[in-house]
Structures are given as C-alpha cells and as structure tokens.
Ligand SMILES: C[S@@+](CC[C@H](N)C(=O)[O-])C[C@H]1O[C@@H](n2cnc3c(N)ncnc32)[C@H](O)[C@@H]1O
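To begin, one chain is listed below as structure tokens, in the form predicted on its own.
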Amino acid sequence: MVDRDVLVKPEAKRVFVRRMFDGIAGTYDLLNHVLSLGIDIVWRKQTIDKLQPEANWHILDLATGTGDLGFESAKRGTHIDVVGVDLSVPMLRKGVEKNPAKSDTLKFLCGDCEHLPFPNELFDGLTIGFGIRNVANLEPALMEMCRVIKPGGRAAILEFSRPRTPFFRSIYNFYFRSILPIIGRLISRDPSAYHYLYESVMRFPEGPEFCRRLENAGFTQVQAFRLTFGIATIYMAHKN
C-alpha cells in the first residue's frame, strides 16, 4: 500500500513520484502498453488530434516521461519543435534513447510543472499525458501552464478518469485495484508504484471539477472528451 502522506502532503508526494519514476523508467513503456492492451497509443494520437498542432508551433510537453506524446506532436507538421519536461532524469534518458534519428525537434529538460523555467507566453501549445494527477500542488501547476502559453494557444491534457456506468466501473475498479498492481510488481519489481496509480486516479478531481480548476487557472473554452467507456479523458483548454 501507499503511505497516506504521499497522497495528502505535497512534499512527500513530490519525493515519492520522482523516486517511483526513477525506479520504473526501464520498464515504463512496456508496462503502459501491456496494462492498457496497447490502447494508450491510440489515446495519445487522439490527444494530438484534439490539439491540432500547426506548422512552426513551439510545444511544451509536461511530465513527458520517455517522450511518447512529444514525439507524436513533433511528427504532425513541419517545423514543430517540442520541449519535453519531466522530474525524472532516468525517464528522460530513456526518451533520448528512443529518438533513432537523433532529431532535435524534441528536446528534453529536467524540471517541475509548478516552477517552469520559461518566460511568459512562450509556447503555442501544451500537452501532458497521465501526469497532471502526479503534481504535488495542482493549482500552481495549472497556473504555470497557463502562464507559458501564448494568447490563442491551446492545451491538451490526457488523464485517467473513472467510468460512470456501474457495471463497467466495477470491472475497472477490480482491475486497477487488484490485477494491475500484481502485473506491475512482476515487471517493474516496485510494489508501491501501481498501488499508487489506483489511489491517485481515485483522488484526482476529474470531469467537471477539473474543468472548473482549469478555468480558475485562467483557461477558457474548456472541454472534456471521455475515451473508452470513461477510462481516460482528454481535456482541451484555450488561452484567450
């Protein structure tokens, strides 16, 4: 099980999340594909479909991990440059290794969503996949995200959510709570990582509540698009 402090105390959560991803970096991509039966690849493509990046865009991919969402953005048009930011250096190193052409369209940087080292209104677009629920302080992170986007820019946030249909929700909860941690432990050898996944998804303020928090941070035209029976949701937000 996960220490309760990790779920309720920002500094404890920040330390835990960094150590967790440092520890599972080597198996992270494999686990994502195995545990989601490959549908995480489809979700990422759908996220960039919603973002609709344009030629010459400068995109920030937060909680980039090994760069999957950033790589997807970079190949969607000409002269699209992406900066991928993550707390975990081992995850970033895996991302560098995954770039076979050694293209400079995706650059990796170690950093924290709550304190982004960028000037105001630098990026045309922003993405974050399965990472927003891991930030230690949600509101400051959302305000930082809004700060670094240009007026007229867009943000696309992909995150797990909770199905609303009772029957499917019961199956989902059983898989997340009982099956997923066993598979995760066998592959990653980290007994806490996938217990944390379940707990963090259950505590995340998804749906209308998260849309409200995006609006409070300064975003407008906020929309939520539920995917695959509500297992995941894409949140689209604009900066006017």
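The first residue of the shown sequence is 1; numbering continues from there. Just so it is clear, the structure is predicted and the values come from calculations on it, not from any experiment.
Omitted here: the form predicted in complex with the named molecule. The next part is about that form.
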{"item": "17, 222, 231, 217 - the one with a heavy atom within 4.5 Å of the named molecule in the predicted bound form", "value": "17"}
{"item": "is_contact(residue 148, the named molecule) in the predicted bound form, heavy atom dist at most 4.5 Å", "value": "no"}
{"item": "Distance check, residue 64 to the named molecule in the predicted bound form, heavy atom within 4.5 Å", "value": "yes"}
{"item": "The named molecule contact in the predicted bound form: residue 87, any heavy atom under 4.5 Å", "value": "yes"}
{"item": "4.5 angstroms heavy atom contact with the named molecule in the predicted bound form for residue 112", "value": "yes"}
{"item": "Full three-residue contact with the named molecule in the predicted bound form, heavy atom 4.5 Å, for 71, 106 and 154", "value": "no"}
{"item": "Interface segment, criterion being heavy atoms within 4.5 Å of the named molecule in the predicted bound form, picked from 134-142, 164-172, 118-126, 75-83", "value": "134-142"}
{"item": "Within 7-39, the residues that have a heavy atom no more than 4.5 Å from the named molecule in the predicted bound form", "value": "17, 21, 28, 32"}
